[in-house]
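Here you get one chain, nothing else, as structure tokens; it is the form predicted alone.
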């Protein structure tokens, strides 16, 4: 078992282990109430809910199940969860535990942060993407047709419990999705190396990625400064995701976004061929599909509407090299010109 301390305004730990055998003891350390609402989707309910319910024997456990997929990260699903929590008579001293990937964590966390103005919140991520990204840092959100994550809160969990056995149930698409974020961390901090990416030791990759994210988040919990670095590849990646009708996974779109950022950075900073090739080699250490097959003009429109746009400009995280990210705000017209080129 690995314990990673997250020194946020409300400190907590991310636990990396195998199996759910330690779940009761870890929950019991941070939660003294009686009732736990476990939020699942159709997949995680089938695969893991029985084991989690058995592990939490001694608590009153209720289940709130939602449809699997990005479409559940919506106002409608959020309202359904709140209604289910109220019907289950959850009180302020009770707990919401999200058992699933990023969608379940985001919409379930948003519900936990707003139900009765906030109840105890525990994350049990079940995908590689959620393990290294959405489970740590306290961001919760839902999507709108106009864009991703347009409504949300900052709400730190009391515990993140990562069971790496869950990764064995994932299809290749979901592994690719998580690797998109892991490679992002490799560009932000050389702690995750090209060799780590090639070796695919998931426990090592998860541990190193969480430590990098925790370090950044705890310097800028409410996303006013350095935390923006975590958006590397995301401005373009989110636009691709929306333009594809969410048919492409988040992490795959982030990888495509980083590929574009390498080209934009090379042009913007006049980087040497050696620097560019080093970055391209790191990105290609994992076999991502980096082609962009959706409407590029629609992507351009979404880039201009990105929620990080400010004062007529769009904030990009550019790269002067591996481990050297820098935030640059480009005028909207320049951002679109760079993208089209």
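Small disclaimer: the values here were computed from a predicted structure and weren't measured. Numbering follows the first chain given and starts at 1.
Beyond what is shown, the protein has a form predicted in complex with a small molecule; the following relates to that form.
Colleague: Only one of 258, 162, 129, 97 has a non-hydrogen atom within 4.5 angstroms of the small molecule in the model of the complex; which is it?
Modeller: So the residue touching the small molecule in the model of the complex, by this definition, is 129.
Colleague: Only one of 220, 215, 174, 196 comes within 4.5 Å of the small molecule in the model of the complex by heavy atoms, so just point that one out.
Modeller: None of the other options qualify; the answer is 174.
Colleague: Tell me, yes or no, whether residue 278 is in contact with the small molecule in the model of the complex, where a contact means a heavy atom of each within 4.5 Å.
Modeller: Flag for residue 278 set to no.
Colleague: Heavy atom to heavy atom, is residue 208 within 4.5 Å of the small molecule in the model of the complex?
Modeller: Although the small molecule is absent here, residue 208 would stay clear of it in the model of the complex, with no heavy atoms inside 4.5 Å.
Colleague: So, in the model of the complex, is residue 237 in contact with the small molecule at a 4.5 angstroms heavy atom limit?
Modeller: It does not: once the small molecule is placed as it appears in the model of the complex, residue 237 has no heavy atom within 4.5 Å of it.
Colleague: Is residue 306 close to the small molecule in the model of the complex, meaning a heavy atom pair under 4.5 Å apart or at it?
Modeller: Output for residue 306 is no: heavy atoms all beyond 4.5 Å of the small molecule.
Colleague: Select, from the options 45 to 53, 268 to 276, 297 to 305, 22 to 30, the stretch whose residues sit within 4.5 angstroms of the small molecule in the model of the complex by heavy atom distance.
Modeller: The contacting stretch is 45 to 53.
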